[in-house]
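Before any questions on how it binds or moves, here is one chain, the form predicted on its own, in structure tokens.
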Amino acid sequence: MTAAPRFLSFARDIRPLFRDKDQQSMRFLFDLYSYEDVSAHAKKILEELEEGAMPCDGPWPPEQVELFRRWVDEGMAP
């Protein structure tokens, strides 16, 4: 029996990727702890993550960028 594919959610899979210092440094633009803010800006956030420009102190590991990309591709579930 094959396990059903696991869809990603913001609360369980994406929100924990953002550290307190990430959230505070981006607060002037949007709240990285807010599903509404992150989903509204997801394309731009993904662009910055892929370029290594976000977070400010160094790029995410490729697995984390891929997780965020997959969440966006799956439709950004809360």
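Since the structure is predicted, the reported quantities are computational estimates derived from the model, not experimental observations. Throughout, we count residues from 1 along the sequence that is shown.
Although it is not shown, the form predicted together with a small molecule is what the next lines describe.
For the chain shown alone, F30 is a contact residue for the small molecule in the predicted complex, at least one non-hydrogen atom being within 4.5 angstroms. Contact check for A11: every heavy atom lies farther than 4.5 Å from the small molecule in the predicted complex. Interface membership of E48, defined by any non-hydrogen atom within 4.5 Å of the small molecule in the predicted complex, is confirmed. With a 4.5 Å cutoff on heavy atoms, D57 counts as touching the small molecule in the predicted complex.
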